[in-house]
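Below you will find one chain, with nothing else, as structure tokens; this is the form predicted alone, and questions on how it binds or moves follow later.
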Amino acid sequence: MFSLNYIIKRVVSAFIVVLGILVLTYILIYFSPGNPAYTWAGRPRGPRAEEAIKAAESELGLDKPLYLQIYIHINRFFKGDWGISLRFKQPVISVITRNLVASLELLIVAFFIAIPLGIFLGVMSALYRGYLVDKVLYTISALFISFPRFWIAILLSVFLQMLGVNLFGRIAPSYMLVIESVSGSYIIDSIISGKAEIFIDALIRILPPAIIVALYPMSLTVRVLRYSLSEKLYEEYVKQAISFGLPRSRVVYRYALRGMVPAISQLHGITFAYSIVDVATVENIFGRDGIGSTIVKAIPYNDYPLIIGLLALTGILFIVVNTISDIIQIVSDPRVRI
């Protein structure tokens, strides 16, 4: 019963935060420099330019009071009508959905790398705490947490170019006309269509940016496990399991590490949401379509419907992922309280 009450409260609080995000993003864009009506009207000049801009403001609803604009924006948002992109002249939700799949593809691959590798290295660091292995892992993880990922991505992209390796884009241009887009993910679509060469090409191209994005969650997992797991190894139930003659790997992974599932799920929930920012910057450096490239294209055009949609979606993803991680934590560890 407590878990159900907790879940309901988290969902309600998440909904309230989403409303706050929608209001705040709209206000920020409303007071930002530039006039989106000027872009929507086709950047008119001449004696009738002001008239055309006024007509565009009326069409976009910018002539209404701010509170009424916010109400209309929230109402349309939950109905799925996010407006028309000034840059692409398409529904905002279509533009975002198309590019969101590309960003989520990169983010998911990055966490498939970060989670198992971070857990393995974290366990190694905890088991050999104070030894050379631990010191090396501690130093490397500290560096990867501190260094900006976009800077590392630039260095890697320059290094690949020096080697003559071209891994920019999501797939080779010649494959774009061959593969049919079903899910929006070239990795999944290549599997569906049974085209192994496209799958290999998409996988090779996604690995460098995915490794860069994986550095932060992987390094943070190593640091957290190093401290927490090393303390768990000295608890009585672990000592008792060792005294029974159980293999060390079984004691560590089945008993000690199991008690850290709530903390790990919470950690990965936070880092997953935070890594959305890394994805937006890294994918630009590697020439991949996604949320980052869409924002770059939208800003010069004062594309406020698209910018608001992107900012709101990023905030909502952050809230949703954290809510899910909190629910996983309360289900796996009923001792947790709000």
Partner chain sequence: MNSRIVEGRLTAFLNLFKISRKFSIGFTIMVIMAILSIIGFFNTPYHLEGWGIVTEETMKRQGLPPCLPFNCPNINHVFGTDDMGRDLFSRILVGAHLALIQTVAIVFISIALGIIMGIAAGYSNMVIEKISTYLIELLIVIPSMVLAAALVTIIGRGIQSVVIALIATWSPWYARLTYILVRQLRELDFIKICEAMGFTKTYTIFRHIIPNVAPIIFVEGITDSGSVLIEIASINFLIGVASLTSIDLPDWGMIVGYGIRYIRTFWWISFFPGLFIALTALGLILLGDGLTEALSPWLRRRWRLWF
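What we label the rigid core is the largest C-alpha set whose atoms superpose within 1.5 Å from one form to the other. Quick caveat, the model's predicted, so the values are computed rather than measured. Numbering follows the first chain given and starts at 1.
Here the subject shifts to the form predicted in complex with the partner chain, a form of this protein not shown in this document.
The partner chain is not shown here, and in the predicted complex it never comes within 4.5 Å of any heavy atom of residue 75. Mapping the unseen interface onto this chain, residue 252 counts among the residues with a heavy atom inside 4.5 Å of the partner chain in the predicted complex.
Not displayed here, the partner chain is kept clear of residue 69 by more than 4.5 Å at the level of heavy atoms in the predicted complex.
Among heavy atoms of residue 226, some come within 4.5 Å of the partner chain in the predicted complex. Contact annotation for the candidate site: 82, 104 and 176 all lie away from the partner chain in the predicted complex (no heavy atom within 4.5 Å). The partner is absent here; in the predicted complex, the one residue of 207, 136, 145, 188 having a heavy atom within 4.5 Å of the partner chain is 145. Residues 274, 276, 277, 278, 280, 281, 284, 285 of 272-289 are found to place at least one heavy atom within 4.5 Å of the partner chain in the predicted complex. Residue 312 shows a C-alpha shift of 2 Å or greater between this form and the one not shown [criterion: core-superposed Cα displacement of 2 Å]. With the core held fixed, the Cα of residue 26 is displaced between this form and the one not shown by 2 Å or more.
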